[in-house]
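Shown next as structure tokens: one chain only, the form predicted on its own.
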Amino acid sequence: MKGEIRDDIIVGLDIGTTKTCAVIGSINENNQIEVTGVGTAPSKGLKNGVIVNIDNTASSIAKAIDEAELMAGHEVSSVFVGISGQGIKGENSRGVVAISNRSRTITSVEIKRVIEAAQAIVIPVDREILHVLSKEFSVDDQTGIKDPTGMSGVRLEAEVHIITAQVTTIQNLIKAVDKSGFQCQDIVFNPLASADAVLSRDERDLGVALADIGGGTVELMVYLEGGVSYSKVLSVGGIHVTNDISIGLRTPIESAELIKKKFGCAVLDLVDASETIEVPSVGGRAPRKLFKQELTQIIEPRMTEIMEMIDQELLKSGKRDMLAAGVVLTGGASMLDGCVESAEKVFSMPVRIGVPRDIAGIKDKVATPQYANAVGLLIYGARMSRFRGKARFERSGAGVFSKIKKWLEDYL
């Protein structure tokens, strides 16, 4: 018996290329996220973070949430869902307005106007705005202002980072969640959620890059002076390492994934030359024994390539030399042994693994990088809880999606 649906419950749903994860929680008396239920299921309807089979995706969602409900002891009705895929794009924009009220004082009205001016960019009809994230404001000649409310001036300027997604990607995601029997409370770009779970305020202020390495994608987000400055999705991830192992060792994909998780290492120098592993064969042949170094020689080049792709994006962003706090790696594929050492070789800057922090409840269940996004969605949902009951995305009979815009969610 799961129990009745409670209004104070928040659900984070991470639909990944290889696994679907649901985390249930609420805000406790200490104003912390308290995790009460966790559920996972293999993902069978996605490719590189994008849904390619709605029925299979809906089945994975239902299984993951059902498992989390059983653990938590109550049912849920709506979820905060992460979104990814090559169709997600980020760009910076700037808006300017005159402060026209008599007192020349900046209020929420002026802030809303300048944000709207900044997001007045040409967006193709097949795309939709997911987030408008404020970087900083300027009042007359004063720059670097985080919240200009109450200041006086004649000219208000805003720099924002706009994240858009393909309309079809959003539609398919909502259809899959809807078919599984739940409602989308909101849709959130994955690394934005992960950042809430694993980054500190100091890191965001100093300058940090978050690389969420999942099964089929790497989602990159760069923070400078507390705000998002750059974002990118790369179509590469842990599944590519698994495929390399499967081909290189001539073993089934399922066995390759298990071998990667149990014995995998990203740096050859960290492996004992005498250590051996047992590798299942195909076609009913007997298992073989190989030196672990042979496995690492397959993994190391691919992991180096992934890190180099991330590094190229950091160079492209123009912010690479400003990352005083270095790089934080999270996501399931970052759990591979030697991942930090591999990254440090390429980036030549501090690297750490990001795990969910400042949470209560069954935190041991989610204190690993693979749960960063789902826990981050819980934190995001808690912040948006004042809008509970109002789904941000709703499906009309004509298939058109209307967004309830809550500009204060993302701007301040």
Ligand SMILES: Nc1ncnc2c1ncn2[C@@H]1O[C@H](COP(=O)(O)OP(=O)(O)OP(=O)(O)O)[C@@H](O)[C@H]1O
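Predicted, not measured: the structure shown is a model, and the values here were computed from it. Residue indices: 1-based, along the sequence shown.
Not on display, but discussed next: the form predicted in complex with this ligand.
Student: Within 4.5 Å, heavy atoms only, one stretch in 163-171, 268-276, 330-338, 222-230 touches this ligand in the predicted bound form. Which?
Tutor: Only one stretch passes the 4.5 Å heavy-atom test: 330-338.
Student: Find the only residue in Lys261, Lys316, Lys179, Lys112 having a heavy atom within 4.5 Å of this ligand in the predicted bound form.
Tutor: Exactly one residue meets the criterion: Lys261.
Student: Which residue, Glu257, Asp244, Glu128, Glu136, has a heavy atom that falls within 4.5 Å of this ligand in the predicted bound form?
Tutor: Filtering the options by heavy-atom distance leaves Glu257.
Student: In the predicted bound form, does Ile239 have a heavy atom within 4.5 Å of this ligand?
Tutor: It does: once this ligand is placed as it appears in the predicted bound form, Ile239 has a heavy atom within 4.5 Å of it.
Student: Applying a 4.5 Å heavy atom distance criterion, does Ala211 contact this ligand in the predicted bound form?
Tutor: Close contact is absent here: in the predicted bound form, Ala211 is far from this ligand, nothing within 4.5 Å, heavy atoms only.
Student: In the predicted bound form, is there a heavy atom of this ligand that lies within 4.5 Å of any heavy atom of Thr57, even though the partner is absent here?
Tutor: The answer is no: Thr57 has no heavy atom within 4.5 Å of this ligand.
Student: Would Gly90 show up as a contact with this ligand in the predicted bound form if we use heavy atoms at 4.5 Å?
Tutor: Flag for Gly90 set to no.
Student: Using a 4.5 Å cut-off on heavy atoms, what residues in 14-51 are near this ligand in the predicted bound form?
Tutor: Heavy-atom contacts within 4.5 Å come from Asp14, Gly16, Thr17, Thr18, Lys19, Gly49.
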